[in-house]
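Consider the single chain below, provided in structure tokens and representing the form predicted on its own.
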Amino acid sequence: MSELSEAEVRDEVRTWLKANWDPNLPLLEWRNKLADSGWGMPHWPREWYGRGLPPGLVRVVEEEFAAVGAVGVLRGGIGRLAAATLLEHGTEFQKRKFLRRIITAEDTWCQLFSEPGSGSDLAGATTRADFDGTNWIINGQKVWTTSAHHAKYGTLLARTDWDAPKHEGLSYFIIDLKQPGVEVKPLRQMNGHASFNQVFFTDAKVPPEYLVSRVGNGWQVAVTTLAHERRFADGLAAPTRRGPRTGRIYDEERAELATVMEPYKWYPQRAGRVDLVIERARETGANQDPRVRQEIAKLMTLAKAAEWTSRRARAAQRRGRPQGPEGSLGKLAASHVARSAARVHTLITGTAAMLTGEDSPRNGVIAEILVSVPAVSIAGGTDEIQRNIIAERVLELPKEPRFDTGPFRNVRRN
């Protein structure tokens, strides 16, 4: 089939919305319409609930949905990372079982990668998966797992071969978290939120058909997940003002977001809330201080450069190009922007930036920024990891000496 033009796509989606969009529909019924039509994830293949459109035309679909206020698929959460990974590595059974329910948001997901002794050194995972002839038996512990407390499924990286080098002894699974042998314990953060969890596995079971790709190829599959994660690692967008939206779909969407997106509500604060800086400077009078103005100018320059890098990555994605260095560059830039924003907010607000509660600046938002920003340098791969990736894969510098080669069981670890 010849590629559709932007005008043809715009006309087609506009016609479909006119015939199908109704804000009084149940949200699940509407999401099933999106799955059936392919307009929910239009860049996915047609055989897997998409339209086969090039990524560059997704923007057109989003604009037409926004024009009539139509609700799309749930964009946040780990489900989209699981879907992207399954589209590249999953079996036909896995795509058939999981992709549609990711679009409809009937299943929620989490990512079971990091462990107490292997966070940045992800390939050092020691959670083990042993095949007993019928199922894979999982034992071990994961940590920093967002949304595990309400997730139905998790993408799990576990060690299946202790005699292989550490990157080659890992396998990638889908695991049902609502089974005996899985215990989830929330972790309280210093900003007061409890987005993360510890997850303990004691003889939990994974059927063989839930193995993604092949035994021992888990690292390559995990790299796919991480590449997509880094595209969004600069945090969710700051809250936007929307007009009144009435109808059953909107009511149910708000209830969905209150649950599924609850763990992410502090993410704009961890990104530094650059959007509040000028407004805060004006309302406090700090914009009259030349030293503060200079720091604001530095921050805005850095933020704009990071935005352009992000736009370049999105433009490449829309053209169907594989992800380049922009993922790691953007992730590292986000850390610098967040830390710079925290410093500027402190300059503007002074000692009151440490106050929380109703009588504190912005009802405690400024204080929440200061205690949340450190997370952006850790989540999705630490700054040190991003620098290594950029040095070795982009600048082609020599790799650091390694002391963890050979069979994993002989490698010293925490």
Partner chain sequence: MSGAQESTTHPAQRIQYAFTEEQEQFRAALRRFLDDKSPPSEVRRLMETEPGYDPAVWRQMSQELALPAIHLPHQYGGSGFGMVELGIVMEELGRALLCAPYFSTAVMAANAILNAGSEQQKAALLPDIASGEHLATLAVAELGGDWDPHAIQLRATPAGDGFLLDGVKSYVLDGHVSDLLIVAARTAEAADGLGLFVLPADTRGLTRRLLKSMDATRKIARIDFKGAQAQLLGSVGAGANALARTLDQAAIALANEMVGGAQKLLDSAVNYAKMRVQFGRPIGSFQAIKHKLADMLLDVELARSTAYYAAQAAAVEDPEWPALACMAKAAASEAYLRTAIDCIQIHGGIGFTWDNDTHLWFKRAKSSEVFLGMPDYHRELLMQRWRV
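We call the rigid core whatever largest set of C-alpha positions still superposes within 1.5 Å between the two forms. For clarity, every value in this text was computed on a predicted model and none was experimentally measured. Residue numbers count along the first chain shown, from 1.
Just so you know, the form predicted in complex with its partner chain exists too; it's not on screen, but the next bit is about it.
Practice item. Specify the contacting stretch among 218 to 226, 138 to 146, 124 to 132, 285 to 293, defined as having any heavy atom within 4.5 Å of its partner chain in the predicted complex. Key: Of the stretches listed, the one contacting the partner is 285 to 293.
Check your understanding: So in the predicted complex, does any heavy atom of K399 sit within 4.5 Å of its partner chain?
Key -> Residue-level check for K399: yes, a contact with its partner chain.
Review point. Is there a heavy atom of R46 no more than 4.5 Å from a heavy atom of its partner chain in the predicted complex?
Key: R46: no, not in contact with its partner chain in the predicted complex.
Exercise for review: Although its partner chain is absent from this view, report whether R387 comes within 4.5 Å of it in the predicted complex, heavy atoms only.
Suggested key: Although its partner chain is absent here, R387 would touch it in the predicted complex, with heavy atoms inside 4.5 Å.
Check your understanding: Counting only non-hydrogen atoms and a 4.5 angstroms cut-off, does G72 reach its partner chain in the predicted complex?
Key -> G72: no, not in contact with its partner chain in the predicted complex.
Practice item. Find the only residue in V184, L87, V260, M300 having a heavy atom within 4.5 Å of its partner chain in the predicted complex. Key: Contact residue from the list: M300.
**Study point:** Interface residue in the predicted complex among R254, R188, H150, R311, criterion: non-hydrogen atom within 4.5 angstroms of its partner chain
**Key:** For this set of options, the contacting one is R311.
Practice item. Report yes if all three of I278, L329 and A333 come within 4.5 Å of its partner chain in the predicted complex by some heavy atom, otherwise no. Key: Heavy-atom distance to its partner chain in the predicted complex: all three under 4.5 Å.
Exercise for review: Taking the rigid core as the superposition reference, indicate whether the CA of D11 shifts 2 angstroms or more between this form and the one not shown.
Suggested key: After core superposition, the C-alpha of D11 moves 2 Å or more between this form and the one not shown.
Exercise for review: Note yes or no: does the Cα of E64 move by 2 Å or more between this form and the one not shown after the core is superposed?
Suggested key: Yes, because once the rigid core is superposed, the C-alpha of E64 moves 2 Å or more between this form and the one not shown.
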